[in-house]
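Single chain ahead, written as structure tokens, the form predicted on its own.
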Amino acid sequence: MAKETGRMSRTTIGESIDRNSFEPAYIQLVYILKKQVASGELRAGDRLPSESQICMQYKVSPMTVRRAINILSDQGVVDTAQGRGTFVKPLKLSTASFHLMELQEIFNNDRTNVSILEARIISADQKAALKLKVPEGERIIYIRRLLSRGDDPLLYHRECLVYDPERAVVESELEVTSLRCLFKGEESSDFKYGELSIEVTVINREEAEILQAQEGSAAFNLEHIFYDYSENPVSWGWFICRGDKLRFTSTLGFRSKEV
């Protein structure tokens, strides 16, 4: 909950709702308030004017103000405390979101090649059975892939798929088309949702040979599980990426140019 500092916002000269604009009044109000935060006129912990004050200042309805505040709340700009008002949220490191833009770029780049190193049916060991929720020893599909760009190996991918004898493993699956769709934000008929976890690991001998890296060097292990529309796991796998090939970055708050 934001701490009340006693500071209140002041009217910004020249800022008003354009009644002739194609943008709804509540969207314009969102921009105005975000601009005040980005410029430092409203700072972390500051309380926004009351609903009635905003209505009077910008000549808008209470519904317009509420819609604007709800959007700002959803965007993490403000926080409303029942009975106390709406406050600008302070930066919190724990709320940082890290995006996989570099990983997305690998999948989206037309120069990225996918090589199938192995594709066969195996018996599920204890870990695979647990991840895919199938009996231990049941037949599953095991695929190993290498994603590279030219002569530069980028990702070593291993994946286990639930085996369905009535549904052949099509070429698109071997070429990770489903994964490409997920990273591009395109529709995919195979998966309803997925879970991704990332941890630091060290490269073993097999991975070192494939990724042309030194055994024991640092790497990222990106493990994924994808679920079908019945919410049953159908795919479990993991990417191994050299530590020098992937970087995770995040921005806290927002800059003026993002308003």
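Numbering starts at 1 and runs along the sequence shown. Nothing here was measured: the structure is a model prediction, and the numbers come from that model. We call the rigid core whatever largest set of C-alpha positions still superposes within 1.5 Å between the two forms.
Below, we refer to the form predicted in complex with the DNA, which is not included among the displayed structures.
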Which residue among S39, N204, N232, S50 has a heavy atom within 4.5 angstroms of the DNA in the predicted complex? S50
The DNA: the contacting residue among A218, L196, M63, A44 in the predicted complex [heavy atom, 4.5 Å]: M63
Hey, with the DNA in the predicted complex, do K133, R139 and V162 all fall inside the 4.5 Å heavy atom range? no
Can you say which of 78-86, 104-112, 151-159, 124-132 gets within 4.5 Å of the DNA in the predicted complex, counting heavy atoms only? 78-86
Using the partner position in the predicted complex, report whether R67 sits within 4.5 Å of the DNA, counting heavy atoms only. yes
Interface membership of P24, the DNA in the predicted complex, 4.5 Å heavy atom rule: yes
Applying a 4.5 Å heavy atom distance criterion, does R247 contact the DNA in the predicted complex? no
Since only the chain is shown here, I'm wondering whether K35 would be in contact with the DNA in the predicted complex (any heavy atom pair within 4.5 Å). no
Did F226 shift 2 Å or more between the shown form and the other one, C-alpha, core superposed: no
Against the rigid core, is the Cα displacement of G83 between the shown form and the other one at least 2 Å? yes
For P62, is the C-alpha shift between the shown form and the other one 2 Å or more after core superposition? yes
